[in-house]
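Single chain ahead, by itself, as structure tokens, in the form predicted alone.
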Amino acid sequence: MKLIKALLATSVLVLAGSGAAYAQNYPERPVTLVVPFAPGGAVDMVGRFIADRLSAIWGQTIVVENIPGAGTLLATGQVSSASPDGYTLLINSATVTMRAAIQETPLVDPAEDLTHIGRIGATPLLLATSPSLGVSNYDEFAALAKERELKYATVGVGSLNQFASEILRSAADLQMTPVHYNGGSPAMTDVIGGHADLFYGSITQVIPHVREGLMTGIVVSSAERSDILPELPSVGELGLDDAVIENWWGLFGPKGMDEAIVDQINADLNTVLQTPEMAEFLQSDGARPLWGTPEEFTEQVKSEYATWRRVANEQGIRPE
């Protein structure tokens, strides 16, 4: 019996040691980082920045692969079914919880079917209108939206744009209806051209058009004013606390990844996030780094997924 116990104890130590050694040797070959959006968007730019910095730390190439489609579910599904060896990773936004929330039976459950490696950053949203709408501030916008129904552009059913717009519509008692597009670029192009009335998206995505005078900035979705748009009110300042919402980015992997590898990637990711150049990169477009543990990220994903399922039921947001 003593011999058996000794052998079992030795086996446990060997297994624990092999996991640590596995993490120390990781990565031994190129890593693929999947981006569920087309090149050029906010998630793609953040992903490529992170990939470049982690590649320098690891001494290995990180190949960025863009797989847009199905509201990020195509890429998310491919990653969730990949080998959990740490060589296929996913960067996604809050959209990952929202797209799944509108499905009765989600193709990918973001709370259960992925490994939550770590948070990356967060940004408020910026509501901007078409110049043809003829409004210059929130009071004028709200008055018009109470008088007649406005068309808000989204990047698809169950997108961040739709959830944010519906939450604001409900909180401020506005009249707004969605018009869905296949991406942020065509959506904002139609707002600029006056074919849709407004777009409510991440500051990083919308602010270039506001700065160029192609769209009119109205309000930001944070509790307080944005440092880079101090002239615009926040929904919190307007007393619309239920409408406070942020977009975020995080790093995921397939379910079942080795805990030692997850911890190593998380530690290296947090190292990147706490550098001055990362803060400057994000803050230039109104975002901020947001680091933490895998456990904190898991808690956030599960909490938000439950919230968006409730909101989807209340607002009747369902796949078309």
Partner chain sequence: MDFVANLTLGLQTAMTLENLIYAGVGCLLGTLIGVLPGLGPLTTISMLLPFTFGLSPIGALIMLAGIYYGAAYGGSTTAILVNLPGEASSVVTTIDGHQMAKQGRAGAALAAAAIGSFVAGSLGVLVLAVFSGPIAQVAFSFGPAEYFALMFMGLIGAVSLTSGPLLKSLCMIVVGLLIGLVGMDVSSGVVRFSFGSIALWEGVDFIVISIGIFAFAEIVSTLERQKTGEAQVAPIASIMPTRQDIKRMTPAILRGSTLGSFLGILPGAGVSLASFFAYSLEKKTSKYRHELGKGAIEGVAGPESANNAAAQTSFIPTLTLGIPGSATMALMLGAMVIHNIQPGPSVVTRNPDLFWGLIVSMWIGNLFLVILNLPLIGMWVRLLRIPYSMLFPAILMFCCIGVYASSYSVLDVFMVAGLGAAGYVLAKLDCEPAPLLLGFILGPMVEEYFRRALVLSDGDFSVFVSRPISAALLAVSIAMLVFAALPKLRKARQTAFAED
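Residue numbers count along the first chain shown, from 1. Just so you know, these numbers come straight off a predicted model, no measurement behind them.
Quick note: we don't show the form predicted together with its partner chain, though the next part is all about it.
Of the listed positions (262, 278, 54, 45), a single one reaches within 4.5 angstroms of its partner chain by any non-hydrogen atom in the predicted bound form, namely 45.
Residue 103 is the only one of 88, 226, 103, 170 with a heavy atom lying within 4.5 Å of its partner chain in the predicted bound form. Remark: residue 295 does not count among the residues lining its partner chain in the predicted bound form, judged by a heavy atom distance of 4.5 Å or less.
Contact between residue 193 and its partner chain in the predicted bound form is found at the 4.5 Å heavy atom cutoff.
Taking the partner from the other structure, its partner chain in the predicted bound form has no heavy atom within 4.5 Å of any heavy atom of residue 289. Heavy atoms of residue 39 reach within 4.5 Å of its partner chain in the predicted bound form, making it an interface residue. In plain terms, the part of the chain that comes close to its partner chain in the predicted bound form, with a heavy atom within 4.5 Å, is 184 to 192 out of 130 to 138, 116 to 124, 235 to 243, 184 to 192.
Of the residues in 197 to 218, those that come within 4.5 Å of its partner chain in the predicted bound form through at least one heavy atom are, in sequence order, 208, 209, 212, 214.
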